[in-house]
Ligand SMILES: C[S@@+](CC[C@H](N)C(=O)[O-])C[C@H]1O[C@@H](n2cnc3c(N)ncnc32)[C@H](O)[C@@H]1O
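Before any questions on binding or motion, here is one chain by itself as C-alpha cells, the form predicted alone.
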C-alpha cells in the first residue's frame, strides 16, 4: 500500500541530511546535496527493460530507483552503512567520522524512499571490494557513482565490478575528476592525491580515469563524458573569501556551488580475454 502524502512529508522532515534529491511524491522533494535528475537521462539508457541491475554506493538510492523506473527486472543496491568501515587514512579523527555517520544515518534515506516509491529494489550492506558472483550473481547493467574518489584502491574496485558483470553486460561509472589537469594535460594520465584526514584519495584527469577503467580489464564503449552535478537544496553554499580562494578545497567547493561538481562518466564492458 502506498504511503499517504503527509506520512512521506513527515518522514522526509525527520531526516536532517539527504545526499540525493528525490521527488518522493508530488510536491515532496528531499533537500539533497546533489540534484541528479537532469544528469540521469545523460548517463543511463532510456530503457533497462528485463535487465538485472546493480547500484554500487547507493546512499539514498537515486540511481537504483532510476534504473527501476527504466524497467529493470531486478535492482540490487549495495553500500556500507557504517562509515567506520570506509577507507579512512590513519590520520583521520573521530569528529569527521561522526559527521559522516550522522549524514548516513544507517541508510535510512534509502528505506524511506523505497517505501514511498513502493520499490522492490533490494538493499544489501556490502563493500564494493567484497562483490562476488557466488554471493550476488552477475548483472546486465552496473552503475557506480561518485565512489572511486573515496577508495584507497580504485582499480581493485573496478575489477570487482568486472567480476560481477555479464560478459556482454555494461559497467557505467561516474566519478570526480580534476578539471584543471584535464584541461592542461588532455592526453597524459595524471591524478592529484589527497589521503589527508578524510576518505578522499585520488582525483584523476579524464585521461587517467579512462586508464583506470582499462587497467581493471574493462573496455570503454566511448570516451569519458564530462558532466557537472548540480547542487541540491541541501548543498552548502560557499561564498568567495580570502580563505576560500587561497585553499584548493575551498576553490573546488566554490566552483561546485556555482557550476556543479565536475565529474565524468564512462560506459564499458568486460574486455575479452587475451
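As the structure is a computational prediction, the values presented were derived from the model and not from experiment. Residue numbers count along the first chain shown, from 1.
Below, we turn to the form predicted together with this ligand, even though it does not appear here.
Interface residue among 116, 128, 203, 76 relative to this ligand in the predicted bound form, by the heavy atom within 4.5 Å criterion: 128. Out of the listed residues 48, 224, 218, 36, 36 is the one that sits within 4.5 Å of this ligand in the predicted bound form by at least one heavy atom. Proximity to this ligand in the predicted bound form holds for none of 18, 32 and 110, with the criterion being a heavy atom within 4.5 Å. Proximity of residue 150 to this ligand in the predicted bound form falls within the 4.5 Å heavy atom cutoff. Residue contact check for residue 189: none of its heavy atoms lie within 4.5 Å of this ligand in the predicted bound form.
Although the partner is absent here, residue 56 is a contact residue: one of its heavy atoms lies within 4.5 angstroms of this ligand in the predicted bound form. Using a 4.5 angstroms threshold between heavy atoms, residue 136 stays clear of this ligand in the predicted bound form. Note on the interface: of 58-66, 243-251, 37-45, 206-214, the segment with non-hydrogen atoms within 4.5 angstroms of this ligand in the predicted bound form is 58-66. Residues 79, 80, 86 of 73-93 are found to place at least one heavy atom within 4.5 Å of this ligand in the predicted bound form.
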